[in-house]
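Two forms, one protein chain; structure tokens for each follow separately as structure 1 and structure 2.
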Structure 1
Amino acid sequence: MPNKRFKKFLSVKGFKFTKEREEIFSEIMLIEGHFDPDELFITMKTKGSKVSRASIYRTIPLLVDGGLIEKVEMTDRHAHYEKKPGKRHHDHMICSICGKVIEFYSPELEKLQESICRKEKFKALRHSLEIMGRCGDCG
């Protein structure tokens, strides 16, 4: 389970493996698709969790650093994340009419980006590509 990876990451970094962090982490692992910290907080609270909003906002960057989730930074005013393993990297098309999000992955595009970075002597760690426009349904 990815639980092991999280535990490992924490100990390597000298952070503690607390029940709050575990709870937050495993709740996130249940989520299919995007989530935002506050909606996660509400969900957990509804389920009876005592974990605070502060702990959620503190744990999320740890998970990002540990490579377990990634920021997808939607068009909205607040940050969105999604878990990384289980779903390989992909980019987004976002319809500005209906809000639909089309996930896509193009190996050619990824390759091309890598070669561009190489040319600039830039060591890419992650990237975010969002294409805004109108989806097929919205003409």
Structure 2
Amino acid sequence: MPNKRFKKFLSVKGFKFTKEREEIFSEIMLIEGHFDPDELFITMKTKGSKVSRASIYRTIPLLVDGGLIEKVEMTDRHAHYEKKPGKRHHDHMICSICGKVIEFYSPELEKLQESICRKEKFKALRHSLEIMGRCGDCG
């Protein structure tokens, strides 16, 4: 369960699993797709949460370090995130005009990356591929 994983990660790192962190984590687990910290803050405030924007910005890096969410860069110069548990690895095509994100998975690209790592005797822990360009709607 992701909640237990986050608790254990915080404990190992010497942090407490506070009520605010639990509330932030729970809200993120409800989100489908990508989100940014400000959207998360507004959503939580709309639901009556007392969580501060600062707590959200402090908790998100902990969730990234714990492998529970992943940072996805966007064109508007601030980071967006997505949750990782139970989600198959994928990469992103990002429209530099409208910001649309298209998720994709390519077994051929994955095999090529693995082959390059083997050739270089490199042990990959994780990777991220972002292709910036224009979506079909923006031409």
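What we label the rigid core is the largest C-alpha set whose atoms superpose within 1.5 Å from one form to the other. A quick note: this is a predicted structure, and the numbers were derived from the prediction, not measured. Counting starts at 1 and follows the sequence of structure 1.
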Review point. Of structures 1 and 2, which is the form predicted in complex with another copy of the chain?
Key: 1
Check your understanding: Quick one: once the rigid core is lined up, does Ser115 have its C-alpha move by 2 Å or more between structures 1 and 2?
Key -> yes
Practice item. Superpose the two forms on their rigid core, then report whether the C-alpha of Lys13 is displaced by 2 angstroms or more between structures 1 and 2. Key: no
Exercise for review: Please state the CA displacement of His127 between structures 1 and 2 in angstrom, with both forms fitted on the core.
Suggested key: 2.6
